[in-house]
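One chain is shown next in C-alpha cells, namely the form predicted alone.
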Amino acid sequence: MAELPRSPITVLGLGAMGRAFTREFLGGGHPTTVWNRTPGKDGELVAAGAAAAATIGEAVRASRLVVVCLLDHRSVHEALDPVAGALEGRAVVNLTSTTPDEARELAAWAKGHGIDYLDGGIMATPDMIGQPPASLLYSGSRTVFDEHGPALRLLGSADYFGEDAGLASLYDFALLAGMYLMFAGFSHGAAMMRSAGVPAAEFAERAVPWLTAMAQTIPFGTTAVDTGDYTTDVQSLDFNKAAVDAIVRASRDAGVGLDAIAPVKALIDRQVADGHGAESFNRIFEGLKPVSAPPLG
C-alpha cells in the first residue's frame, strides 16, 4: 500500500535551529516551504527538496502548519503582523525564545486573528534536533498539539503542559537557569584550578562525574521545598555557610572573581542572619520564591 502524503509545513526563520527543523521535516516526508528575513540561507535546504518562498505571504499560504523560529518576541510580531490575515485558520507553532508573558501575549494576538497558536521551548542544541536527547516542550492549543504531534515529534520528544501558552516557556527558562548556573559554577572551579596551572579539560574529568552525582540528589530536597519544613540533622545552613565562606577565601587567595559564588553566599547569609542556621541548605529557596506564589497542586 502506498504511503499517504505528509502534510505541508512552512518554516519561518533559517538560523541554525530553523535549518535543523527543516531537515527533519523533509526527512520525515513533509513538503516544506522555507522563508528567512535575510536571503542566502536556503540554498542547501532547497537542494534537499525544500521550496523557497519569495515572500512571507507566499510562505504562510503554502501550509496549514507554520513553524516560527526567529530571534525574539519583537521579530515574531514584525514577521507575522503583516500576514495575520493570511494566517487566519492556520496553526502557528512558535519555537522562538519568548518569555512566558510574551508567549501569552502572542497567544492572545493569534486568537484575535483566528489563528490557532501553540508555543514551545527547545531543550536541545541544533545538532541534537531529531535525536533521542532532544526535548521540546509545548503549551497552548491542544488541537494543534494533537493534530500535528507526529510532525513535531520528528524534532524530538514532545511534552504538552496545558492551555496556558506561557507554561512551556516557563519550564524552558527555568531549566536553562539551572544549566547556566551549573556552567558558571564549573567556570568558577576551573578558574580556581587555573591558579595552580591545571587545564580546564583536566578539571572537567573530575567535575563532570561529581556534578552528575550531585544532580542525582536534587529530588531528595524537593519535599522540604514544597512543604516548607527545612528541619535537618545533617549539613545545616551553618555548616554550608562555613564551607562557602572557605570557598570564597580560597577564591580570593587564587585571584578568582566572586561573580559566580557571591550570590550563593548571599542567599545563605540571609537565611542564617534571619535565624535559620540550623535548617537545611534547601531553605535558600525561601530567598528566591515569588512573594505571591500560588498554592501547590
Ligand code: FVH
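Position 1 is the first residue in the sequence shown; the rest follow in order. Note that the coordinates shown come from a computational prediction; the quantities given were computed from them, not determined experimentally.
Same protein, other form: the form predicted in complex with this ligand, not shown, and the subject of what follows.
Chemist: Pop this ligand in from its pose in the model of the complex with a site C-alpha superposition and tell me open or blocked, counting ligand atoms that come within 2.4 Å of any backbone or C-beta atom (3 or more means blocked).
Modeler: Judged by the transferred pose of this ligand in the model of the complex, this form is open (no ligand atom within 2.4 Å of backbone or C-beta).
Chemist: Using heavy atoms and a 4.5 Å limit, would one call Cys69 a contact residue for this ligand in the model of the complex?
Modeler: Output for Cys69 is yes: heavy atoms within 4.5 Å of this ligand.
Chemist: Arg64 versus this ligand, in the model of the complex: is there a non-hydrogen atom within 4.5 Å?
Modeler: Arg64: no, not in contact with this ligand in the model of the complex.
Chemist: Can you check whether Ile284 is within 4.5 Å of this ligand in the model of the complex, heavy atom basis?
Modeler: Ile284 lies outside the contact set for this ligand.
Chemist: Would Ser169 show up as a contact with this ligand in the model of the complex if we use heavy atoms at 4.5 Å?
Modeler: Answer no; every heavy atom of Ser169 is more than 4.5 Å from this ligand in the model of the complex.
Chemist: Work out which of Ala79, Ala224, Met192, Leu137 lies within 4.5 Å of this ligand in the model of the complex, going by heavy atoms.
Modeler: Contact residue from the list: Ala79.
Chemist: Among Thr99, Ser157, Ser75, Ser187, which has at least one heavy atom within 4.5 Å of this ligand in the model of the complex?
Modeler: Of the listed residues, the single hit is Ser75.
Chemist: Go through 253-261, 232-240, 266-274, 34-42 and give me the stretch that gets within 4.5 Å of this ligand in the model of the complex, heavy atoms only.
Modeler: Careful reading of the contacts points to 34-42.
Chemist: Within 11-49, which residues come within 4.5 Å of this ligand in the model of the complex, counting heavy atoms only?
Modeler: Heavy-atom contacts within 4.5 Å come from Gly13, Leu14, Gly15, Ala16, Met17, Gly18, Trp35, Asn36, Arg37, Thr38, Lys41.
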